[in-house]
Each structure stands twice: as C-alpha cells, then as structure tokens.
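Only one chain is shown below, in structure tokens, and it's the form predicted alone.
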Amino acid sequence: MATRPLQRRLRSLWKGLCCGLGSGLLLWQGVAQADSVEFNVSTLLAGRADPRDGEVHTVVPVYQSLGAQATILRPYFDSIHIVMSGWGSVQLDIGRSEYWSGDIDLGYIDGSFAKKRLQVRVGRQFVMGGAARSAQLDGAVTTLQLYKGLGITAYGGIPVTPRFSASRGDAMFGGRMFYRHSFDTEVGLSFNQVMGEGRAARQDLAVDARYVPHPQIALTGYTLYAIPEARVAEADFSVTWLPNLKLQFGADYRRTAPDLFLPLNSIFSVFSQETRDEVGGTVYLRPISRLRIYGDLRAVVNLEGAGARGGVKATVALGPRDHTTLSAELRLLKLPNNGYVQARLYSTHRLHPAWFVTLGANSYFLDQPINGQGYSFTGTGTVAAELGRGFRLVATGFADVTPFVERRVEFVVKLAYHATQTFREVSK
C-alpha cells in the first residue's frame, strides 16, 4: 500500500516525459517547415550558507529551464502550436553530497480547425476555469464552438502531481458548457471529478459568470458546489466601479470551506467542517500621476466568531524618470482568539539602467505570543546588475528576529543567464 503513491507519481512523471519528448520530436521534425520557432533558456546559479546539524553548510543550487514553442501552418488546420517547458536542478552541498531533481511543466500539441470552431490540445497542460479551477493534467482537452457563442469543453486524463507534493489522484475528467455573448460577458456551467484509489476523491459542480453592463461597471460571480457533501465549497461575488481612471471602488463577498478542498479519501477531511465568510470592499486612488493609494476592509466570520481584516498601502514615485519608488503598508487581522498588525516599508531604486537596488523592512505584532515572543522583524536588501549578453548578477541579504529564530543573518548570491532565440520562415 505504501508504494502506491510512489507508483502514481512515477507513472505521472513518465507520462509527462513522454508528452514532452513527443512534442520535442515533432518540434524537431517541424522546424524546417515552421512559420516560427522560439527557444528560451534560463540558468540560475546561487550560493548560500545553510546552518544545520551544528555545522555551516555551503549550498550551491543550479537551476536550468528550457522552453520551446513552434507555430506551424498546414492545410486543413487553422494553426498548430507545439509547446514544451521543463526544468532541472542539482543542489550541491559542497564537500558532502548532491541532489538532482527536475520535471516537465508543459508539453503539448494544440491544433484548431474549421475557423477555430474546434480546438484540440493533447499533452501536459493546465485546465483553467469552472469546476477545474486551475488543474494540471496529462491528457486531452477539446473545445467546440456550437452556435453563436454557445460552446462546450471536455477534458480527461491523469492529474499531475508536482514535485514534493502529495498525490492529486489517479484520473480526472469533466467539462464546461458556456455561452459567450461578448469578450466581457460570459456564463458557464461545469463539472469536475477526480478519482483516487478506485473511488471519487472529488466531485464538484460550478457556475461562473462575468457581465459588464456599462463600461464603468463589472460584475463577476463563481460558486463551487461539492456534490457528495451537498455543501458550497467556494463562492465569490464582486462588483467593480470605475468612475474615472484615477478612482476605483470594489465590493465583494467570499465563502470558503477548507475541508472541501481535500480529497474525500483523505483522513484529514473528517477533522474539519468549517466555513469562512468575508464581505467588504476596496478602493484605489491615484490623485496625481506619481502617487497611488490602495485600501481594503472586510468583515470575517468563522467558527471562532466575527472579526475583521484590512489595510492601506501608498506608493510614491520620485526622480525625473520615476527611478525611485517608496512604499508603506499597514495591515491588520483581528479575530476573537487571534490577530496581528503588520507594518511594512520598502523601496526600489534604479541607480543606473544596469543597476537596481531594493530595501525593505517588515514587522508583525502578534495578539497571541508564539514561543513567548509577540513580534517579528525582517530587514532585506538586494542589488541586481545586468552584466550583458543575457547575464544578471543578484546579491541579497536579510536579517530577522522571529518567534522561531533568536536572530539570523543570511546572504544569497545568484548568477542568472537568460536567452531567447527566434527562427522564422516565410511559407511559399
């Protein structure tokens, strides 16, 4: 029984690698006839001191990411897109050990037909919207435009379990029917089911909508209903009013049930049946071009009782080219049994087109002390330099005093390389 999660993870990773390798082979074969092929390569080398086990370890992680995208035109196709994105890393504990890791983030082929009325995507991808929310999948997604804005999306495959994460199931399938009157007016009804260990781990029904009755007003709504528990897992409604470009108001209501985000076959799902409701509003003000002010306040109701959370943030730009920004933020959370006040100051400085500096200070004042301490403080500073030819050097230092560490000072140095190469061919 203990080997099943590992087997599922290996199977999911293997399928993702197959998708990625298949996409890569097709990409290689299609380069000569593609309208455009774009490669993106990034390398990050970092170094830091890691005090543990009574010793100071010198840790040097190296990260490599690779992305490729091709657009190909063929008869009977509106377009074909081939996308691949993955990463690999090795963490060197100098003089002691090394640890290798990696994964495929995206690896799919996307084709559209019949003047984009039919779209098919196969491989590792994200299913967005509706009851699926944002789910990563090894499988297929098909969208068909039926008639005058009416369409349907269907999908199925194996949920992807990210590295260092718990299993997300053995299979997933679902769909969404939608009516799109215009770009900013749409309503959808969707269903999603995840299978785990031979039974339903999640089974959700969702309704989502957005509507813009006036250029200055936008309405959005979303409700996720857990069918087996017959309860609302998530509900989110908001209205935004933009009287002019310098002023914006918003009002919203949100309900979440944390236990309904767990699989039904999880042992932790039986320990919590609570909900959290929040209602309130936001305001954004830009009285002058260099000053921006944002504020929000919401009432919070959960099993502990009623409380509130909110904050205010102001940012001002200075200098002839707005090369310096200063920001101050104050936030609070007050619940019957807990709460905090957060005060934060931070700034950015563009000293030179190739040099960038940030400074920050962040403090929390706790209502209920943790480990006998009722506050924490963190100070940070970063210097970044563009070295040219795609190279960037970043040095970061921070010091903090928290309820979990008496004091800590740490420095991190990173060397990054980023390059993008595009090839284009004009079809005859």
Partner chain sequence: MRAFRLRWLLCASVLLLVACATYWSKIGGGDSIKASHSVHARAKLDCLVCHEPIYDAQSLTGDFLPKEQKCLECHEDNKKKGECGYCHTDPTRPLTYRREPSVLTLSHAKHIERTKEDCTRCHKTLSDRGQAAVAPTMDSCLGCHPHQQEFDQGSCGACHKDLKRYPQKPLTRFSHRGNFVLGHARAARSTPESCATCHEQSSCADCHAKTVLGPIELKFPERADSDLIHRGDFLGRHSMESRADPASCLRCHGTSFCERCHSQQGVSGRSDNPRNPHPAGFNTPSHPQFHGLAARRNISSCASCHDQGPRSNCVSCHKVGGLGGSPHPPEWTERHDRQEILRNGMCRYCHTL
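Take the two forms, find the largest set of C-alpha atoms that superpose within 1.5 Å, and that set is the rigid core. As the structure is a prediction and not an experimental result, all values here were calculated from the model. Numbering follows the first chain given and starts at 1.
There is another form of this protein, the form predicted together with its partner chain, and it is not shown here; the text below is about that form.
- The partner is absent here; in the predicted complex, the one residue of Leu118, Ile152, Val312, Leu262 having a heavy atom within 4.5 Å of its partner chain is Leu262.
- By the criterion of a heavy atom within 4.5 Å, Gln373 is counted among the residues contacting its partner chain in the predicted complex.
- In the predicted complex, no heavy atom of Gly390 sits within 4.5 Å of its partner chain.
- Remark: Tyr147 does not count among the residues lining its partner chain in the predicted complex, judged by a heavy atom distance of 4.5 Å or less.
- With a 4.5 Å cutoff on heavy atoms, Arg96 does not count as touching its partner chain in the predicted complex; it lies far away.
- Within 4.5 angstroms of its partner chain in the predicted complex, the stretch 134-152 places a non-hydrogen atom from each of Ser134, Gln136, taken in sequence order.
- Ala385 is among the residues whose C-alpha shifts by 2 Å or more between the shown form and the other one once the rigid core is aligned.
- Relative to the superposed rigid core, Asn337 undergoes a CA displacement of at least 2 Å between the shown form and the other one.
- The Cα shift for Thr396 between the shown form and the other one, taken after rigid core superposition, is 2 angstroms or larger.
- Between the C-alpha atoms of Val412 and Gln64, a gap narrowed by no less than 3 Å is obtained in the predicted complex, as opposed to the form on display.
- Distance between the C-alpha atoms of Phe391 and Val62: longer by at least 3 Å in the predicted complex than in the displayed form.
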